[in-house]
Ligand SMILES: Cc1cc2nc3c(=O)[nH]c(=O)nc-3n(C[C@H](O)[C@H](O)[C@H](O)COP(=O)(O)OP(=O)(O)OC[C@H]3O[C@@H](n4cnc5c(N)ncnc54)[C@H](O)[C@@H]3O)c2cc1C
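One chain is shown next in structure tokens, namely the form predicted on its own.
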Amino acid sequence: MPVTVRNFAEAGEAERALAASRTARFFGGGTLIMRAVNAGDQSFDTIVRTTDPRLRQMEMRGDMLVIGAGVTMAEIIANRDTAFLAPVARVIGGPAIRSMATVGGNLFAASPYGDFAAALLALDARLVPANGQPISIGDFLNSREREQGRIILSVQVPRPREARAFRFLKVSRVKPKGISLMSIAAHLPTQGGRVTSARIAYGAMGERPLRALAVEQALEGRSLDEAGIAQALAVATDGITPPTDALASEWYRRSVAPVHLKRLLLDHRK
């Protein structure tokens, strides 16, 4: 089946074109959609693109970093302002993938992909759509299946005030660029040596990136040492049903989650 490519100068126009067709797909970086084209996917016949310059911009607004949804993982790694996110971008595919994969595209990537989206969830990012008001990334992910026709212009990310407050760990069988068995992102602000308002997000532990609410609650007011994190490890998968897929079983993911969570919380990731 032939595929038609439609180009638009403005993201709002592209979004309206998507909304008007059930067989249109948006082209971000192309790492997923071009694989589908090459595999002969018959579920779409139109690719929608936009050259809207807002998708490529990055800027600081006080303590808020605004990243255009069209910014690539390679650009995240190269930019000084996004240095705290570089460890996440660095483990997404190889150099060729990182030069194409975009921040916005990762938001829509189905599990076990979406490591960058898990990091943004831990950082309590907000998303700015082409048409509409900014929304929290949590709300977006919870309704993602209904958002396939929406174009995200940019992501608003609060910068961690402490260098070690944000941590990320990817677990895969093939290093450094294998598909995730699981990923863990954590924002761990501290006050007086105690954790306050922790946010923990898992990737590849459900249909979409999700927060480990039981872990967050167990860490509140605790110190990041063996004794302080013990209860958090005990509830590492409470309220979560990990998937069984070609990479790992639910049992395996449940078994290794406390191990890797411990490494992350104690900052023993290497």
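All figures in this text were calculated on a predicted structure; none of them were measured in a lab. From 1 onward, residues are counted along the sequence shown.
There is another form of this protein, the form predicted in complex with this ligand, and it is not shown here; the text below is about that form.
Put simply, of I135, I97, A86, A165 only one has a heavy atom within 4.5 Å of this ligand in the predicted complex, and it is I97. This chain is displayed alone, yet in the predicted complex one of L121, M182, I76, I152 has a heavy atom within 4.5 Å of this ligand; that residue is I152. Although this ligand is omitted here, in the predicted complex none of P242, Y252 and S255 has a heavy atom within 4.5 Å of it.
In the predicted complex, L224 stays away from this ligand, with no heavy atom inside 4.5 Å. None of the heavy atoms of L169 is located within 4.5 Å of this ligand in the predicted complex.
Among heavy atoms of A101, some come within 4.5 Å of this ligand in the predicted complex. Remark: A232 does not count among the residues lining this ligand in the predicted complex, judged by a heavy atom distance of 4.5 Å or less. In summary, the region of this chain contacting this ligand in the predicted complex, judged by heavy atoms within 4.5 Å and restricted to 157 to 165, 77 to 85, 190 to 198, 108 to 116, corresponds to 108 to 116. Contact residues in stretch 32 to 54 (any heavy atom within 4.5 Å of this ligand, taken in the predicted complex) are L32, I33, R35.
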